[in-house]
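This document starts with one chain, in the form predicted alone, laid out as structure tokens.
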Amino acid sequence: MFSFWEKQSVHTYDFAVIGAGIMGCSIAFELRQKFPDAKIVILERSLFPSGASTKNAGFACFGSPSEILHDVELNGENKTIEIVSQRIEGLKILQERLGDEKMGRTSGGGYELIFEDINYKQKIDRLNQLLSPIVKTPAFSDVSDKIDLFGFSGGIKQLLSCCNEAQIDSGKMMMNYWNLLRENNITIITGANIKKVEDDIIEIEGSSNDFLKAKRIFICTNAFIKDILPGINIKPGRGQVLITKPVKNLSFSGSFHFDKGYYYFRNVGDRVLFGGGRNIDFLNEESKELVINQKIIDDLILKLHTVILPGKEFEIDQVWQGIMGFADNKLPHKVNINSYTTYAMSCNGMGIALSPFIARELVFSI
């Protein structure tokens, strides 16, 4: 139960944001820009964001060629290019807001590995044409001459370059984002597991007497939304990630994707970080439990041996999971639940890129 003093200072807000990941932080920051005198709080149930914001692979990307082509099949050219342009704009907003140093951003370049006997030239030319108003240089190009240079296996048919991709330090970025919010007089409360949101009341798990009030509430819990609003049709998508110990004479650097973005790897210094594989066990990876899926980890290790680090010795140092949220159409969700509450989810595996843009668009419309 709140004391008299607590009620004076922590009980009532103009805006409450539930979830302190990249989306929640972006919405809170945009609210501060539009409402400089508002009382704003972010409520996070864990010590760190529980989903994927600090548990991802550390990519600053807008989509690999095969992933974008897959999205074209799902949503058509116009909608797909619109979303890709929003990802690019979101990355620009984030970079301008935090700066390269506070994001741990390095421009190592991005690539996609192609294993099929398909000539991608015509498809890549079409994507470059569609993206030319947004990306002034060709977004994608063939750099297959680098396959041997990078030390990959002979099973790769093509290697495509993805312009403007970068790597980030996800933990450093989010901690600096939290610092930025505090500097802008935004309160962050951790350990606040939300039980229920009804009108302007936010009930806190663990006590029937503890609740907060806010004139406007934004729920940014991504795949965990059903814990608060069971009717929202967003599925969790768990991502398995591993990192090796330092690899002697590692021959590549940069960010890499293959198989429609389901697999992704990068160097972290002379280590290899490798994640993905949901597509070989979709059903079990529709989970919010942060546990190892050994089938997928075994698959990642096999691909390290046969594709990424053939002939090299390596040891796995650490394995972890992040929980993403997915809509059936892979499009962002902005749902006004009622006059008090809005749910925002832009991830579908692209939260780092999309969230800053979606947050700005959402707050602008208030």
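Please read these numbers as outputs of a predicted model, since none were measured by experiment. In this text, residue numbers run from 1 along the sequence as written.
Although it is not shown, the form predicted together with a small molecule is what the next lines describe.
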To test your reading of this chain, name the stretch in 28 to 36, 59 to 67, 305 to 313, 328 to 336 whose heavy atoms come within 4.5 Å of the small molecule in the predicted bound form. 59 to 67
Whether Tyr264 contacts the small molecule in the predicted bound form should be assessed with a 4.5 Å heavy atom distance threshold; does it? yes
Would Asn193 show up as a contact with the small molecule in the predicted bound form if we use heavy atoms at 4.5 Å? yes
Report yes if any heavy atom of Gly254 sits within 4.5 Å of a heavy atom of the small molecule in the predicted bound form; otherwise report no. no
Quick one: does Ile40 come within 4.5 Å of the small molecule in the predicted bound form, counting heavy atoms only? no
